[in-house]
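Next comes just one chain, in structure tokens: the form predicted alone.
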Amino acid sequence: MPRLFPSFPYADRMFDPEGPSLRELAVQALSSVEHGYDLLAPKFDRTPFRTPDAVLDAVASALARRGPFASGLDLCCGTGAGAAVLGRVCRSRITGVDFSAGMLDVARRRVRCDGPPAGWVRADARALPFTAAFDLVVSFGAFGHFLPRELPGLFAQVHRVLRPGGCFAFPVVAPPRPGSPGYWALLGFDAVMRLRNAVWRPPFVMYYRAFRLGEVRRELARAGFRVELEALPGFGRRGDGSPRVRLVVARR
């Protein structure tokens, strides 16, 4: 069973020797979110921050049972890991959108899909340059970059670019138990980021504890979605019986 890192974000994945140095990570952390990812892009796939293939495969399998879909959008696509999911479940075309030019450049070079053609668009997820053009929107590991007050606008944008009946899907890892090492790691990371943003400009928004499932479900419903939760069984269950990883499927 894959072990998920509750804080950074996957416990069994360390930095590759060819990944970024501590100095490079420090420079990124003191930059804006956009510029920080431009700097990190060439080595991003060598970090623990890329969504593991095990998660991508589990999501693709779950969506295949609900599809096929025609066109798909990978929201905040980064270097394009989510394109593999869309390529397996979409028949017409897939699109990746991100506001980091550096990440998109890497995606253009590295992503090779056997399925539909892939296109890449530079844009802010809070102002998507599309009409109702997609049947499926996915996102992986990006929501920590949005403050809770931004979720209504973000979800409204996704609702707007989906065709009627389309769905918005993304995995959510269960939070660590209060008092556990993972809990304190999350708490400490977010505290450091809040301190950094209080004393340094430009801000770098990345908070692991700000994206809470209960609040997310409420905001999705307010945006007009019908929300379902599906356990991803390959990751097992916690001691209380709840799934370690869920797939949120929000239907327009």
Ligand SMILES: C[S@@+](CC[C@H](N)C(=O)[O-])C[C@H]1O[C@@H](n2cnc3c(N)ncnc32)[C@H](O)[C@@H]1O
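Quick note: we count residues from 1 along the sequence shown, nothing fancier. Only a predicted model underlies this, so the values are computations on that prediction, with no experimental measurement involved.
Same protein, other form: the form predicted in complex with the ligand, not shown, and the subject of what follows.
- This chain appears without its partner; in the model of the complex, the one residue of Val33, Leu187, Leu30, Ala64 with a heavy atom within 4.5 Å of the ligand is Val33.
- Residue-level contacts in the model of the complex: of Cys77, Val158, Leu136, Val89, one residue has a heavy atom within 4.5 Å of the ligand, and it is Cys77.
- The stretch from 47-55, 191-199, 65-73, 218-226 that comes within 4.5 Å of the ligand in the model of the complex, counting heavy atoms only, is 47-55.
- When the ligand is considered in the model of the complex, Met103 lines it closely, a heavy atom lying within 4.5 Å.
- Looking at Phe140, you'd find a heavy atom of it within 4.5 angstroms of the ligand in the model of the complex.
- In the model of the complex, the ligand stays beyond 4.5 Å of every heavy atom belonging to Phe170.
- The closest non-hydrogen atom of Tyr208 lies within 4.5 Å of the ligand in the model of the complex.
- Along 80-102, residues Ala81, Asp98, Phe99, Ser100 each place a heavy atom within 4.5 Å of the ligand in the model of the complex.
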